[in-house]
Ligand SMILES: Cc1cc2nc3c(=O)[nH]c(=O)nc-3n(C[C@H](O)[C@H](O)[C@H](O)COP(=O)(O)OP(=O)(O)OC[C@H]3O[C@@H](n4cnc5c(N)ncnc54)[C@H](O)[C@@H]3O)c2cc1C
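Listed next as structure tokens is one chain, alone, in the form predicted alone.
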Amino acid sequence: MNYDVVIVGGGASGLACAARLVKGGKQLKICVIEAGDRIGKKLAATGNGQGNVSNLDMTAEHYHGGNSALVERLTCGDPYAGTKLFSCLFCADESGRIYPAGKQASALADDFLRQLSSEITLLTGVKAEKIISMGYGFEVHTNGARVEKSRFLVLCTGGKAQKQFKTDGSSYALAAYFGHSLTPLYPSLVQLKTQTEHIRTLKGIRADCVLTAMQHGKVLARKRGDVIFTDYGVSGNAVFAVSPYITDKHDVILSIEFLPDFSNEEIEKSIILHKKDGCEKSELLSGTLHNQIGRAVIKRSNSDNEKIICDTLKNFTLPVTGTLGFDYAQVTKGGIKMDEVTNELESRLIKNLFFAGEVLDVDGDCGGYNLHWAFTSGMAVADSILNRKW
């Protein structure tokens, strides 16, 4: 079949690009090729199924990777930019995270399907295996022995995270065929493996903490939130929040500050009162901390001195030994080098080849930043194509 635009990847960026093209009024023939059994599958799972699409605090500091000036231009205008793709209402929670008012991510995927199913060709369960640049544009060869021809090609194939969504990293080869190169790839927004000697008794326990990631004494990131102790290390929203800053680094140490709302003096006075009440050493933090955490802190302090216990409680360190890997990560850190694309996200190597979303070397913090990038980059590519001579 002959098309004006073929989009490889039916995730958030590919669907945003398609929806913007349809609304552009050019009556273009568009095809979306998706390897999974339905479009928007990963979108339907985002934000713990509630659809965290953006964040009110939309600043460049929340993004990592190449060409920060371009990323800032595309992302940091209107935090609600991506929501305009949909017909439903959106609102922000107390943390600034933007959700559909119905708090249902699957409804966003359904919305795309309603918009696009009668306007474009949607091919699901079809994998693009080879792309050839021809004089008129591109030929996309798929595993179904189909050949789709188009003037413009948009690669929205995602990264290497969460292979259950058909994003196992193999699609980078489509760009590599044209000479594009990758930055190193790392899992991000992911659970962290740590030394477990001091947390073996804490599996399954959740605590509200300030979590600081450090390398050689330098603070890389500091976030407040839940830390969940596991048999491999730590999880929780604070862990996910610091992970983008450290998964590509070595010799990282996590410092957990328990009881961040209490001063050392307050905690020390409480320990002294426990002593006066005749508490055993192991119970000096009883009622102040979860009992298992309190016992682990006291055991690690190897003291009944309130100052030493408090110092341990405020700086409970865990060396990072790795991550749970791409299968558990929400996003990929790294991708197609941003200096190989123009400010329109067009390849500098092949005319009329565009990229959007996670396939590029751009990743964001936890809190809606990655989905916002997917939407805004997809829309930017669509605008670039619409502005060409037809």
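Numbers for residues come from their place in the sequence shown, where the first is 1. Just so you know, these numbers come straight off a predicted model, no measurement behind them.
Absent from the display: the form predicted together with the named molecule. The rest refers to it.
Enquirer: Verify the flagged residues 59, 243 and 333 against the named molecule in the model of the complex: is each one within 4.5 Å by a non-hydrogen atom?
Expert: None of them does, since no heavy atom lies within 4.5 Å of the partner.
Enquirer: Please determine, with the chain shown alone, which of 41-49, 64-72, 23-31, 343-351 has non-hydrogen atoms within 4.5 Å of the named molecule in the model of the complex.
Expert: It is 41-49 that comes within 4.5 Å of the partner.
Enquirer: Taking heavy atoms and a 4.5 Å cut-off, does residue 12 contact the named molecule in the model of the complex?
Expert: Because a heavy atom of residue 12 falls inside 4.5 Å of the named molecule in the model of the complex, the answer is yes.
Enquirer: So, in the model of the complex, is residue 187 in contact with the named molecule at a 4.5 angstroms heavy atom limit?
Expert: Answer no; every heavy atom of residue 187 is more than 4.5 Å from the named molecule in the model of the complex.
Enquirer: How about residue 151: is it within 4.5 Å of the named molecule in the model of the complex, going by heavy atoms?
Expert: No, no contact at 4.5 Å.
Enquirer: Could you tell me if residue 238 has a non-hydrogen atom within 4.5 Å of the named molecule in the model of the complex?
Expert: Residue-level check for residue 238: no, no contact with the named molecule.
Enquirer: Check each of 120, 126, 256, 267 and return the one that places a heavy atom within 4.5 angstroms of the named molecule in the model of the complex.
Expert: Checked against the cut-off, the match is 126.
Enquirer: Of 247, 312, 194, 171, which one comes within 4.5 Å of the named molecule in the model of the complex, counting heavy atoms only?
Expert: If I apply the 4.5 Å criterion carefully, the residue I get is 171.
Enquirer: Though the partner is not shown here, which residues of 148-170 have a heavy atom within 4.5 Å of the named molecule in the model of the complex?
Expert: Contacting residues: 156, 157, 158, 162, 165, 166, 167.
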